[in-house]
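Take a look at this single chain, the form predicted on its own, given in structure tokens.
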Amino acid sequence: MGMDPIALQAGFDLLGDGRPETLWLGIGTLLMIIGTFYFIAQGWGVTDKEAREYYAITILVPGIASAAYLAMFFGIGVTEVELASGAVLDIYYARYADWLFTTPLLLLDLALLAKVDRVSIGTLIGVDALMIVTGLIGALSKTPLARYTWWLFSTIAFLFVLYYLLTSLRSAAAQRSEEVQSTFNTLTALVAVLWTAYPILWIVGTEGAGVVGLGVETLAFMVLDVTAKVGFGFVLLRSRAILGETEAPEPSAGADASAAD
């Protein structure tokens, strides 16, 4: 039995402006908040210095995203752009503000796992920021040529970030423990797959060719964001790879006996 369209519309109206995308933004807000508090609860009482650093970074990711999603839910962080053709697009610039802060934090987690130097970290985060900013410029541009040119610029920056992750950072991670290597490879694969979907969704969505409508686009971005942020944190923080190298192993019974003698 199908859902009553009147009841569905009433549900949207309860969420604010009656548009389907508002529902997805509300769900995204809730999931990000749940992820934030889950990570806080998991990290409560953690004493290992390195683990606390990972928790601090990873908790910030869904925390920042929840604020951005809540803003978009209430109609803040969105603007209208009138194209040269006369069409008007709703652009959620708060989404780009979210990505500008959260994607470098995700990359920082990976860089800390791999133990790369500060220059490498700075380069990686700098190119990542360039990727986000040029994507935003493309979204705010009025002509197709400008929009697709900036999209291409942003995509090239993304490919550089991905290449750096799969070469330099992976090589550095290979010098560490098997637990670190396994966690790093899992997270890098997650980032590679999910982040690749973003420019594809951009180009087929309302900011690009317009093949996908705003409601479906908002749902897809929400699913990608939650998986890329909360899913990433769930994998990372459940791994022993985040424990410091000074973590003392459990003493054996033989060692206890020797100490007693």
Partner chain sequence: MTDTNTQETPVLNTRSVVGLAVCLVIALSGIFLIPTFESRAGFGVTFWTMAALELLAMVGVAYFVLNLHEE
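Please read these numbers as outputs of a predicted model, since none were measured by experiment. Positions refer to the first chain, counted from 1.
Below: the form predicted in complex with its partner chain, not depicted.
- With the partner removed from view, the residue among 219, 57, 212, 230 that has a non-hydrogen atom within 4.5 Å of its partner chain in the predicted bound form turns out to be 57.
- A heavy atom within 4.5 Å of its partner chain in the predicted bound form is found for exactly one of 226, 27, 194, 67: 67.
- Only one listed stretch (154 to 162, 136 to 144, 82 to 90, 180 to 188) carries heavy atoms within 4.5 Å of its partner chain in the predicted bound form, and that stretch is 136 to 144.
- Its partner chain in the predicted bound form is approached by residue 112, whose closest heavy atom lies within 4.5 angstroms of it.
- Contact check for residue 129: a non-hydrogen atom falls within 4.5 Å of its partner chain in the predicted bound form.
- Although the partner is absent here, residue 76 lies within 4.5 Å of its partner chain in the predicted bound form, judged by heavy atoms.
- Taking non-hydrogen atoms only, residue 71 approaches its partner chain to within 4.5 angstroms in the predicted bound form.
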